[in-house]
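Listed next as structure tokens is one chain, alone, in the form predicted alone.
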Amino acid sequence: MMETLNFGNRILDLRRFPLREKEPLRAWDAADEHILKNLLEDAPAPGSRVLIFNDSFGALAVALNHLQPQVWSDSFLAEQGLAHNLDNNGWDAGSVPFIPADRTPSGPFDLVLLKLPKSLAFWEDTLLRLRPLLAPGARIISGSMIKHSPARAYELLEDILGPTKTSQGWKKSRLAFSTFEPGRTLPENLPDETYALDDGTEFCSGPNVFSRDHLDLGTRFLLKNIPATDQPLQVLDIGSGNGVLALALAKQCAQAKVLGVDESYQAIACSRQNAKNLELGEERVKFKIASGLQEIPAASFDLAICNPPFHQAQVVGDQIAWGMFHQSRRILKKGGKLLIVGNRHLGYHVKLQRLFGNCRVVDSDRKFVVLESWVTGLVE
């Protein structure tokens, strides 16, 4: 969808990431527009230091580029979207500093714009880490779509930052205005959560890591079906999260070299810590921040494993999974296999059959199915 965002006297051409032809969704939502509308009516003071959190594809940062904001986010897709949309609208792609969520920006900030993330644990951790970065009298504006705004999100603003008032709804979005109240005694951040596998192996997960406090059922089911072999496999874990699949496979396949990729900075940081705790060695297991497999050479892996997501933030759909399947076929050697788990109702077998020309059921239960496809010839 080719749509433009109007802000003041500027017309901004913005794109979602990953880039897709005939994209049906916009790169911003009404909550972004609501925040910008508020700032047009009540402009920040000259020289204000501005921090923007969870700006999905850079809509706020591009519109407010003249304020020289910093962007704080856990998403490599957001980082790519920010750079692309800055360049696409005539600014240097690196003109807005991007701070990954596993690091902390350098304050103090006079104006903070927050977009509510899907994870309340990530929200709570962010607010705790934000407190020391706020200047006295800092202006704090949070925005979200009403249907994605649990009451607990506003309670956390009150409990951590200070008194908070909400706006009336506008285009199904709502803003919250918080007054920073210094002097409260609060922790610096949320601690990582830890859980153990059946064999006692422990894994830690940060606040924005998928299924942070327990092993999700899909991953548990896939773990039962990963290979155990002495062959020197080259293995790729796509969307590796805290690294549980990649590390379990590395333990079971003593000669394998495993690469995990994920677009969450916190996930990559946690997976590297888990690998260090298990003493598996960087020469055998590596983790890399990535939003896709474009930088991985073709026909370079024997096995790809994946528990694909069926949502991007609050947007539900199979576009991310479909992209993973497409890219995995390119990076697999002839005879290389893709092993995935998914909810039965998602019908991934139809897509895999269409893409690979084959698909077999490895295992299934009432909720999940493990599927395998393999490359039979050169990828066109």
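Being a predicted model, the structure only gives us computed values, none of them experimental. Note that residue numbering begins at 1 and tracks the sequence as displayed.
Same protein, other form: the form predicted together with a small molecule, not shown, and the subject of what follows.
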Q.
Can you tell me whether Asn85 touches the small molecule? I mean in the model of the complex, with a 4.5 angstroms heavy atom cut-off.
A. no
Q) Contact between Ala27 and the small molecule in the model of the complex at 4.5 Å, heavy atoms? A) no
Q.
Is it the case that Thr219, even though its partner is missing from this view, gets within 4.5 Å of the small molecule in the model of the complex, heavy atoms only?
A. yes
Q) Is there a non-hydrogen atom of Ser144 within 4.5 angstroms of a non-hydrogen atom of the small molecule in the model of the complex? A) no
Q. From the list Gly107, Gly162, Gly169, Pro309, which entry has a heavy atom within 4.5 Å of the small molecule in the model of the complex?
A. Pro309
Q.
So the small molecule isn't shown here. In the model of the complex, which residue out of Met324, Leu64, Leu39, Leu352 has a non-hydrogen atom within 4.5 Å of it?
A. Met324
Q) Pick from 93-101, 238-246, 135-143, 185-193: which stretch has non-hydrogen atoms within 4.5 Å of the small molecule in the model of the complex? A) 238-246
